[in-house]
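One chain comes next, on its own, written as structure tokens: the form predicted on its own.
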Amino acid sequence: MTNYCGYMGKVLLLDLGTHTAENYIWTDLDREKYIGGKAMASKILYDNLTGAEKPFDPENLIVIATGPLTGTGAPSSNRFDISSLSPLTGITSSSNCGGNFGHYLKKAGLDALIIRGTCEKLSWIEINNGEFIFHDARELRDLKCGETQAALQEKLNAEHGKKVSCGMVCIGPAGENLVRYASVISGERAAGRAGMGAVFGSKNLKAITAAGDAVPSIYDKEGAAAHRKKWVNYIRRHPLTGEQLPKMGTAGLVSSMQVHGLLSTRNYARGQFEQFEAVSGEALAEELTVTNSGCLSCPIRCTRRVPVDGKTVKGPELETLGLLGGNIENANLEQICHWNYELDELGMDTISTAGTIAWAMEAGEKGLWESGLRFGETEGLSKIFDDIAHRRGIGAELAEGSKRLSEKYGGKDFAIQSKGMELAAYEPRRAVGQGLGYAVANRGGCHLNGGYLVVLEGLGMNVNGQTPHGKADLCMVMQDLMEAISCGGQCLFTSYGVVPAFMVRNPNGILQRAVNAIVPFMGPAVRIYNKIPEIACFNIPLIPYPTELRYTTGMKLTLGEFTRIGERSYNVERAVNARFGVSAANDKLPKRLTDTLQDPGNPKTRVPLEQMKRTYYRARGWGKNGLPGEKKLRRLGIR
């Protein structure tokens, strides 16, 4: 149990092979050091994985973790994390989801669920108030994710004789067939990255449902209510979280990315797509959006609702629009909406699917591997997606991802991935700090785990995206803050509000231009904060998370302590991945991004990765091997 509010005080370790469960010891000291969510999951994996395990081994663990704010009504606090050894990268990874499962896992009385072993046959698990029941899922085999969830709801209703309120996670055909980038789906939201769905499939685990009547307590209800009211008002007034995201969702970034040369086009050969307007947020809002919606407790409501096959479903996010748009030279918005729904139903990550398809298109052009796929020719892609999910024909090869395909057939220079994970839609040769983030991100080519410096380099502010100055230190502090935010169970879109509104509303003002010019030279000052974050022994309204955690849990967190928790999270994940072979040699990008100029007339339009990496390792206090040493781990209290 726990003396802190916000938590349920119970972590369950479930063995699929023996159908047994036991309490996993997670102390209040652990809560103080790791909070919850991804940081909690990384520490559990650090304590239990040796480096000998493989992603599809029974010994591999799945950790589904919530944060103390999950289920409390805090703004945008419905997130949960799924972490495991990734079949796409071979190292530990995580996938964050906005579906309803985390909320109901806490109602079932659990802060986290740890899963090991393998079911003898395809199964689904029912959790109710902390108790669990195994069910035969063979009749659910090959069902798509929407069909699976509808069937489970019907079964639960019949079993209990009433409509059961519950949360669910499930996999589709892609997970069952071990597609390396298969996702886990909760409602219409995806834990999409790193192949967590394939790990479920390897364990013969089709789905989990959670229900119960537990409610997390709040330490200071009046203080929390007043703080949340101010925070929600701020979110709704901010130009990014109160205007752009509600009106156009993340799709609204397409036009800005085009202007700044950041929009991946033709497998990252270029940063601008001539037909970008056809797949922009403006086009989605005007032509197809029925309404917008959001996750539980979210005031931003960034989700687009679009018509597909006579139904109104979740529309595509920025990554899907960019990567199934310009990156394969497709300007058919309705087609992208259909594919987005189709891939979610099959249980496949849209980012890695699109990145692998783009690699195959270019490999065919170059005569390396003939798949029949061509840029701009997209009519047959629905069948290809289904073939990937079922590992039929060329789908069996595409299911392996671009890294493995390029190792087999050639074309490594244009396999746009890092550590085996395909990159997001932001072309980094005009935002080199984002390029550094892609390379050093613990889980692979991830824009968020990479620190999301692109929000400074053109999408929120206009900091010089071509200079490497200051980017290593900024990358570290952004990574640590985003890690800490995720620990609490909140959506990272709330962090857009950290960029002062005046910088977004008038980016070309005199003051704004001065701030943008100064930021790259703030590296030394940021370095001091990164080394001694405790100097920030206070909290500020722009970063409201530690204050929210204090009102909810009773922990007396300062901004500096909050940042240190994020640093600890980042380092413990790096430390466990070191056991699986990660080092500086793995922190790399394809040569297209580091050696080939985006603009042949501008020598700065490439990512100067090695220069920035050296500075980044020094900033983190890591060795030249790109790893935290024992002294660093002891200093962070990682045992």
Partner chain sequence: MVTVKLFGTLRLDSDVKELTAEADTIRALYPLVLAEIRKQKPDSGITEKALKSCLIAVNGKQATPQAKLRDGDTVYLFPAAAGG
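Positions refer to the first chain, counted from 1. Just so we're clear, the structure is a prediction, and the values are computed from it rather than from any experiment.
Omitted here: the form predicted together with its partner chain. The next part is about that form.
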*Is the gap between residue 141 and its partner chain in the model of the complex 4.5 Å or less for some heavy atom pair?*
no
*Is residue 332 one of the residues lying within 4.5 Å of its partner chain in the model of the complex, judged by heavy atom distances?*
no
*Please run the contact check for residue 285 against its partner chain in the model of the complex: heavy atoms, 4.5 angstroms, yes or no?*
yes
*Mark residue 243 yes when one of its heavy atoms lies within 4.5 Å of a heavy atom of its partner chain in the model of the complex, and no otherwise.*
yes
*Look at the stretches 78-86, 541-549, 251-259, 479-487 and give the one with heavy atoms within 4.5 Å of its partner chain in the model of the complex.*
251-259
_Sole residue of 557, 424, 459, 207 within 4.5 Å of its partner chain in the model of the complex, by heavy atom_ = 459
*Can you pick the one in 109, 507, 410, 523 that has a heavy atom within 4.5 Å of its partner chain in the model of the complex?*
507
*Please state whether every one of the three residues 590, 614 and 622 places a non-hydrogen atom within 4.5 angstroms of its partner chain in the model of the complex.*
no
_Residues within stretch 203-233 having a non-hydrogen atom within 4.5 Å of its partner chain in the model of the complex_ = none
